[in-house]
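Presented below, as structure tokens, is a lone chain in the form predicted alone.
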Amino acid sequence: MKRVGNWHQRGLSRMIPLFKVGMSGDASARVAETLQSGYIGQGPRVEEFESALRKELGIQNLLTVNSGTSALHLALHLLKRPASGEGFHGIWPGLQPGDEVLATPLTCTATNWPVLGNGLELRWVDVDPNNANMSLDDLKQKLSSRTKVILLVHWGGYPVDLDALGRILDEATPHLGFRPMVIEDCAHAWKSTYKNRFIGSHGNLAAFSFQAIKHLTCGDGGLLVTPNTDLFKRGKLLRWYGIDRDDPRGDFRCENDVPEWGFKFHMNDISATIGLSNLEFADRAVEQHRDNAKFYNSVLQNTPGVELLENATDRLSSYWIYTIKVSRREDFRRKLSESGIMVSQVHERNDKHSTVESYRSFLPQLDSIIDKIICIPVGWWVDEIARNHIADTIKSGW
């Protein structure tokens, strides 16, 4: 490997990774204790973890599941029933096969495949080239009577303008006869804030991922936030076959009536123990991600061939990834690799896959940036020497 810059002057030949699993020092001991406890399925550690998450986020109606994908699948499933009242903005007609979900193709397939799994139709919304989030202008143009759900992603942890989205939906509601429901994919956005409130606390369904390389990891796991107690209660039942685990019964192995079938989406005590161990670590990790991003925002400004993404003052990204747009991306990738720096686009556009060929549409803004976006290391493992090496390498040209 070519050795350049301060990073390799330290005598290190390894790559600066783009991702790394963050684990607290006491996780192993705490997991060992759980393993020997005689209870490793959904039990007391899951309850303890959920209680801690309510305190962390200031949100009551939340429930853990076994992955962020399960959280999204369950969110869509919960919307199949007609409903009204809090969180529905009037009468909610429910979801039927063939109903339309407006979604961004710039994300992990984990975001959009639950739409297909629930028998719903995808309609792609173009991206905002300034921030890589869903374009609200294109969204407004594509709303129709078939649109039941908006499925958005906070790319890299940078929040979508939720107030602007709310105004669009408020304006559309009288014409549609109902207000489309919003599901926020918050997989990148642990502890991101919009208008000084944590993402997930703005009255929508929200799904988080605790997968291996996220800020907060449970090894794998997820979290679903609901906008009212009715959806929370149904979700709590449906994550475990529809069985009421809190209902006292004479023979605990024989459930009472199951009025609505459900899934095996629940979290187990091993994952919950890992999550409990990592809560404090995750706060420190987010702080370091933000500090590194602040450094890049400063030193990479006006660098030839580099365009930084939007950084509005009314929101704060968790910077799970740090995305820039560059000219001659393959040359950029090669230069950084030779300098010991791992980079990646991270997610391929979902609309290119043959399984969703029938939904393809013209997305000129995504077309304009897809060959430019690249992510550079920003995580808690990137120290001052490493980030200086990354910035110096970029500023030296490619």
Ligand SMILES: Cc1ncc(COP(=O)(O)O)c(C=O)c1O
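As the structure is a prediction and not an experimental result, all values here were calculated from the model. Residue numbers here begin at 1 and follow the sequence given.
Omitted here: the form predicted together with the named molecule. The next part is about that form.
- Heavy atoms of residue 292 never reach within 4.5 Å of the named molecule in the predicted bound form, leaving it off the interface.
- Within 4.5 Å of any heavy atom of the named molecule in the predicted bound form lies no heavy atom of residue 183.
- At a distance threshold of 4.5 angstroms between non-hydrogen atoms, residue 131 is out of contact with the named molecule in the predicted bound form.
- For the chain shown alone, residue 69 is a contact residue for the named molecule in the predicted bound form, at least one non-hydrogen atom being within 4.5 angstroms.
- Residues within 4.5 angstroms of the named molecule in the predicted bound form, judged by any non-hydrogen atom, belong to 187-195 and to none of the other stretches in 165-173, 230-238, 310-318, 187-195.
- The partner is absent here, but in the predicted bound form a heavy atom of 110, alone among 78, 95, 110, 282, sits within 4.5 Å of the named molecule.
- The partner is absent here; in the predicted bound form, the one residue of 277, 268, 135, 211 having a heavy atom within 4.5 Å of the named molecule is 211.
- The candidate site formed by 157, 343 and 387 is entirely out of contact with the named molecule in the predicted bound form, as no residue has a non-hydrogen atom within 4.5 angstroms of it.
- Residues are counted as partner-facing when one of their heavy atoms sits within 4.5 Å of the named molecule in the predicted bound form; in 332-348 only 347 qualifies.
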